[in-house]
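Below you'll find only one chain, the form predicted alone, shown as structure tokens.
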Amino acid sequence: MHIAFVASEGVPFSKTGGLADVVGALPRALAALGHQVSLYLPRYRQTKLADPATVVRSITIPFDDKYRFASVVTGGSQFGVRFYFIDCPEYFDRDALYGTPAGDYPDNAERFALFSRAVLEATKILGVPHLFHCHDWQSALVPVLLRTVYAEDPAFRDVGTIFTIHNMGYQGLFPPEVLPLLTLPWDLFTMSKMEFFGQVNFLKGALTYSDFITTVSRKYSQEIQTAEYGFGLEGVLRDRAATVTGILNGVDYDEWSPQADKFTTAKYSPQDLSGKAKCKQDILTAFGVTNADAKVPVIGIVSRFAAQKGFDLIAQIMDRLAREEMIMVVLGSGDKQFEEMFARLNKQFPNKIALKVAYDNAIAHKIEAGADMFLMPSKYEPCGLNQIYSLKYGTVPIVRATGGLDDTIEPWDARSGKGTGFKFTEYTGEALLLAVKHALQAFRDQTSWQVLMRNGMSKDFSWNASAREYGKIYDRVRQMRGVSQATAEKVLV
């Protein structure tokens, strides 16, 4: 089956978060199962291509005020996946992907509307897929366009659409006048389509028009159908409940494994954990922590700084947590208030809190390998990848029981020797502090702790199983569109 992935970021070409990791890995896993996979991404200033070649010279995109133009550049093929990039310097040759520290780019609706239309037009030349698999609000107009503006286009008559929600908190909200600007019909501005409290909601459009909706963990697919986690769209999702499911993200163990990590100072395995001590000393050195006792546990954080991630809870308990024997190393960037919060904590507790405000992939690997524990107290977490990386590195996760964190971490029971981490449920500083204290207490018994480490290291969250689950969804959507798998395999694209 030919699947076209459409997303706003994907490693190794562009990244701001976990979406890019998924978009970089899932197509490879699907190609390994025999699917034909194309991946469409914007060509940002940050996109580095070894040997770019223009495969579509010009695509005309209508806007209400004037036409815009884009081209398509190929990045070649890797691991059975063909990469295409929508090239429009006016919209994508910028310092960042989505905005500045002051906020989103004001023309994001235009940027990603052009991207979505250009993808559809490009496939008419490069190969119409059996299915479009779209990700998050930046590609949400693909299913909307297919069922409205392109509804009578014979090229797309039997094409299905799958839409994956990576984070319900980001929806693509714009003023109503964006519809005529993008030459979209006004009848989309109704409660049953894209209207959302007086604004146009791109994500709502995708939830309305896609054939099937997935999200990135079983628990999160249930949570987003509730008022607490649905961000106002829970009713739309409940109406579509029969076509909503959760498939847990996988991880790429070629990149995230203590036995093969190219960024770490030492390698180690479940059979020989000795290298982890060297990795611990290396990360403390990288953060400027000197004369630290090797027996003091290191708690790692690698995160986008956003309200979702539970940093307000950390602020509530830090004065008490600082009394415990522990060191916290924090890597991340994002909302200014949280950058400033961690900077204050670093000054207040210089021997307890070490900080780097940055996105640094090499340091992220070093933290996973060198920390003893990994903290993710998220208010909500659709899937989370770092807790899965942490398991493989024997870096014990401390998480809130929400979304994919709840699905992937099993509570540690020292008596039975079963479990992989520590969880708390209530979104309070007290509950977080209690979970951290339990972990710090368990760390004192190193014999038992190594059992806990090895439990996590033995878990397999590779993409193989998840890719097969997506394959089942693709088959189901083909049947929904009235095309059997046998017929699909005969179609030449």
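Source: prediction; values computed, not measured. Start at 1 with the first residue shown and count on from there.
The same protein also exists as the form predicted in complex with adenosine-5'-diphosphate (ADP); that form is not shown, yet it is the one meant from here on.
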Inset, instruction - State the residue from G246, P297, P397, G332 whose non-hydrogen atoms include one within 4.5 Å of adenosine-5'-diphosphate (ADP) in the predicted bound form. - result: G332
Legend entry - Interface residue in the predicted bound form among G384, G160, G205, G370, criterion: non-hydrogen atom within 4.5 angstroms of adenosine-5'-diphosphate (ADP): G384
Inset, instruction - Could you tell me which stretch in 413 to 421, 308 to 316, 182 to 190, 271 to 279 has residues with non-hydrogen atoms within 4.5 Å of adenosine-5'-diphosphate (ADP) in the predicted bound form? - result: 308 to 316
Inset, instruction - May I ask you to check whether K15 falls inside a 4.5 Å heavy atom distance of adenosine-5'-diphosphate (ADP) in the predicted bound form? - result: yes
Legend entry - Exercise: A227 in contact with adenosine-5'-diphosphate (ADP) in the predicted bound form, heavy atom 4.5 Å: no
Inset, instruction - Would you check, heavy atoms only and a 4.5 Å threshold, whether Y393 touches adenosine-5'-diphosphate (ADP) in the predicted bound form? - result: no
Inset, instruction - Look up in the predicted bound form whether A364 has a non-hydrogen atom within 4.5 angstroms of adenosine-5'-diphosphate (ADP), and give yes or no. - result: yes
Inset, instruction - Any residue of 291 to 315 with a heavy atom within 4.5 Å of adenosine-5'-diphosphate (ADP) in the predicted bound form counts; write them all down in order. - result: V302, S303, R304, Q308, K309
